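Taking the form predicted alone, here's one chain by itself in structure tokens.
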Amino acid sequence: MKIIVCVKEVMDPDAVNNYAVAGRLEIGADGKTLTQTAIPKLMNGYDEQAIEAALRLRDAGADFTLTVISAGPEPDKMLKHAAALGAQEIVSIPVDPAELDYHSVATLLAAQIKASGGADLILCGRQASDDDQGVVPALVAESLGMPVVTVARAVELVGEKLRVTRVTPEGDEVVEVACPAVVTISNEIGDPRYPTASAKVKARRVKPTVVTPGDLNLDEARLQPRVMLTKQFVPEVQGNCEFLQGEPAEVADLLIERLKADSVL
């Protein structure tokens, strides 16, 4: 069995939020990119939980090879982290993310998966923490002709099928799907594990397999973005707080009247 996890390198969302709260988050002169170079980059949290989902299948006795793929800047540190977690192969498709959209990224990932002989299961994070679009896994599934199951908090192998527990507004939903399939993992799966110290040391010597769009026979026309980022800005956040005075019953009546006046109720 072969499992592939698609991962993305993003800016640390906690650091970005801290800069934003402090009023120090700045957009460059191009109006599209952040100027801060001190913000660390790391693996998208949902993608790390997708690796955790694969490792839990291994813990349950599943026998498979685990490959982790990333399309973007050469994310050496991030992919070595994946190797330390237990990936037998790490693959980098070095491209400039500013020149791609989610269609282009999905085309690259699907082409590499085809070129490597396909996969029995493709795991992805439900979305990326930087753009929150969450469409790449579905596009990969469409390109490969696979079914896709979204927002999973648990994945099990039952015979030759997958049993997936999905998170929905109405509660958990359990579905079964035949392999090969694409499954997106949500944060409800829980915290991912940390690699051991010895695994980190071994991972330092692991070199990613580098694959270019040319190696995948993808010309520029197929990678042309359909959606272009034209502007990015930091919104101004303003907060006003008003305290209502009086006895509890009076305050409750005042609050209800105020909410009705503001068309909240």
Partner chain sequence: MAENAIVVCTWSAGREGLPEGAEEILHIGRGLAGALDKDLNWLVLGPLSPGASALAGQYGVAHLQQIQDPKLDPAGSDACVEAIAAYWAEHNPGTLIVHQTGEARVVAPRVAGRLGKAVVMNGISIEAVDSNYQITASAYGGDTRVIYEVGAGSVLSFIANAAVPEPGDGAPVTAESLAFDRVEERVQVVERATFDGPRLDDAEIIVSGGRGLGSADNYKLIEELAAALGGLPGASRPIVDDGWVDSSHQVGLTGRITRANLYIAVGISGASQHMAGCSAAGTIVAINRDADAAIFQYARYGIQGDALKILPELIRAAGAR
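Just so we're clear, the structure is a prediction, and the values are computed from it rather than from any experiment. Positions refer to the first chain, counted from 1. For the two forms, the rigid core is made up of the largest set of C-alpha atoms that agree within 1.5 Å on superposition.
One more form of this protein, predicted in complex with the partner chain, exists but is not displayed; see below.
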For the chain seen here without its partner, which of 90-98, 115-123, 73-81, 134-142 has a heavy atom within 4.5 Å of the partner chain in the model of the complex?
134-142
Residues 127, 177 and 262 are flagged as a possible site; in the model of the complex, is every one of them within 4.5 Å of the partner chain by some non-hydrogen atom?
yes
Flag residue 103 as yes or no: does it have a non-hydrogen atom within 4.5 angstroms of any non-hydrogen atom of the partner chain in the model of the complex?
yes
Going by a heavy atom distance of 4.5 Å, is residue 37 a contact of the partner chain in the model of the complex?
no
Taking heavy atoms only, is residue 147 within 4.5 angstroms of the partner chain in the model of the complex?
yes
Does residue 157 reach the partner chain in the model of the complex if we count a contact as any heavy atom within 4.5 Å?
no
Heavy atom contacts to the partner chain in the model of the complex at 4.5 Å, residues of 11-27 in sequence order:
11, 13, 16, 17, 20, 21, 25
Tell me, please, whether between the shown form and the other one the C-alpha of residue 253 is shifted by 2 Å or more, with the rigid core used for superposition.
yes
